[in-house]
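This document starts with one chain, in the form predicted alone, laid out as structure tokens.
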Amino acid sequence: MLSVHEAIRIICEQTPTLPAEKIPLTEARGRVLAEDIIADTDLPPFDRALMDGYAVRAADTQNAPVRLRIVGEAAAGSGWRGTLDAGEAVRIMTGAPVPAGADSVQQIERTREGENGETIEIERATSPAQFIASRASEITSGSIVLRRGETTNAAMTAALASFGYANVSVGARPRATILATGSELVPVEETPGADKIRDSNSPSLAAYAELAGARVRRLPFAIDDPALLQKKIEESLQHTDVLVLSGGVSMGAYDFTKTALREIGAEIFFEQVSLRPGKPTVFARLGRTLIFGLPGNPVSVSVTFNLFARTALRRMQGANDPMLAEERAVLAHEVKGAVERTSYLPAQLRTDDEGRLLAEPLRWGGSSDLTAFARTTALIIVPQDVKTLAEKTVVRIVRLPG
């Protein structure tokens, strides 16, 4: 049986990167860069004042208090173009260019202007470069600001704008189609009758796929009929990059997904993973369309989607980090593993009084316990062949998107 690591390796090998597209800067948040972002100017582009006050020559202030003659004013967007000589000062505002000849700024709180506004008393000595951000101290023109494959966030938007990227080259958003299977399902808006349950997998998978950057199409669920299921899968493969099925992948009499995939000629790469929950996970491909057959239980669906299908969707966009990033946390309580499989157990993250990241295992009743899983923010990884992890053990975790 494949390990989780080996399953992810196979998925990455079979996943193509979609072509890049140009989009407006205003739409770039959350997208994967398809180009390096290059600084087209030094930043700051000039020596910039960090305080409101007076630009001076530090040598003139060493015997402070001293009185200097005010010869001009520099404001943000409107610098003073002269050259400062000995005994002179320029009134300056935060963000303004420091005039030639000046090498320091004294903040206004340490000065006292004369009544006529022509002189300024510097009450304390300054030092060279005081309250000045030197030209190119943040970045030099031609340097790489952000790298291809990074996912943009709101903070990066300022950098894109500062260097003139009104339009940004990003990885195209993959098209994901969601299809839940099972004769027991009824739509969310209906009250389930005897032996029926509402379809919770479709909205859950759609939400996770959108978080992964996909454009999502949800199809009406398919009942457990081999011919109808095959037809529905064939129809759903049109105009999609990734098809995500839930249910029908185990060994039961009414589990028809793998049979249907074989009938339509899909190449199945694996159909079981050494994973708890989520052992009966299927990965296949037909043409350029990737197909994931996930277990029907809602916890298994969430775990397997985020480990496997999310990885494919992120890789299609060219992400440098398509997989959920592993972190370390301290285990708040003992957890039990499964000797034959690697476990990904639901947990909540919190910080203790010492600032340590704690993983609090959630009490849950198995892979169908969606109520307990609703509070999950991370998964605790318990390696195969480990029966128990004790309280206060440092464990590997992955955070769930959301």
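What you are looking at is a predicted structure, and each value in this text was computed from that prediction instead of being measured. When you see a residue number, it is the position in the sequence shown, counting from 1.
Below: the form predicted together with adenosine monophosphate, not depicted.
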Only one of A158, A227, I144, I197 has a non-hydrogen atom within 4.5 angstroms of adenosine monophosphate in the model of the complex; which is it? I197
Sole residue of T177, S246, S302, T281 within 4.5 Å of adenosine monophosphate in the model of the complex, by heavy atom: S246
In the model of the complex, does N297 come within 4.5 Å of adenosine monophosphate, counting heavy atoms only? yes
Look up in the model of the complex whether S250 has a non-hydrogen atom within 4.5 angstroms of adenosine monophosphate, and give yes or no. yes
Does adenosine monophosphate get within 4.5 angstroms of any non-hydrogen atom of E184 in the model of the complex? yes
Even though adenosine monophosphate is not shown here, does N201 get within 4.5 Å of it in the model of the complex, heavy atoms only? yes
With the partner removed from view, which of 184-192, 169-177, 74-82, 148-156 is the stretch that lies within 4.5 Å of adenosine monophosphate in the model of the complex, judged by heavy atom distances? 184-192
Select from 344-359 the residues with a non-hydrogen atom within 4.5 Å of adenosine monophosphate in the model of the complex and write them out in sequence order. none
